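Have a look below at one chain only, the form predicted on its own, in structure tokens format.
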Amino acid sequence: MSTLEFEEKSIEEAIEAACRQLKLPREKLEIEIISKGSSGIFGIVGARRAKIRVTTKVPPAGLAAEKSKEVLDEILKHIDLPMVVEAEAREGYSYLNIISNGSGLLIGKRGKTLNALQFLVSKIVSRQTGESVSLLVDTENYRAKREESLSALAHQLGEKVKKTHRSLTTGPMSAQDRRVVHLALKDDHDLRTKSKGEGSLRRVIIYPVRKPKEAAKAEEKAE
């Protein structure tokens, strides 16, 4: 949990400053009064500012999830659809789930809109907190469904490569989708995968692993 100190003219003003900076309500802060401050003589001589020490009651992962939810809520205000965002701190990352009857609009073609929202929220929260934020934005369980379909596609392509002994290349994929394909085939000792291309045109190549006998035959043919 993070601990910070705040100084203002009064205790209440210091607490308000802490709530603004941490973007958390008062009930989620543990507040220790270091100095109540004083107005001094005629409010000038000997005046001392009030000082408090504030500790957040939520762990860093939970704090990142709440901040991410606030940012996503603000962005979604500009879309004329009823939506609710659920935030959850999972192991190693924050998970935001958008509940809406317009999930198709939020997902976009092959998840491009959802990925754009995820990228934008992650950048904003990272800038606000000064730390790198691992974030996953989802709706209608799209991420799990997409991963399942990509894994199935990877295995289908892999089987075709093993039968034909020829490499196959997928269409352009996002980094997240390419990772799913690589992971789906990483334990198959008859196949290898690698990414190729630049930017949005980057693809995955699936190619067969030549066994010693096959490699020898290939060399004989070449001679």
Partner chain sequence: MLKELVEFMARALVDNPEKVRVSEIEGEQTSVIELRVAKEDLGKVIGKQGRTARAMRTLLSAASTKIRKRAVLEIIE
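Positions refer to the first chain, counted from 1. Quick caveat, the model's predicted, so the values are computed rather than measured.
One more form of this protein, predicted together with its partner chain, exists but is not displayed; see below.
- Of the stretches 113-121, 146-154, 90-98, 129-137, only 113-121 has residues with a heavy atom within 4.5 Å of its partner chain in the model of the complex.
- Shown alone here, residue 74 lies within 4.5 Å of its partner chain in the model of the complex, counting heavy atoms only.
- Contacts between 74-89 and its partner chain, taken as any heavy atom within 4.5 Å in the model of the complex, involve 74, 75, 78, 79, 80, 81.
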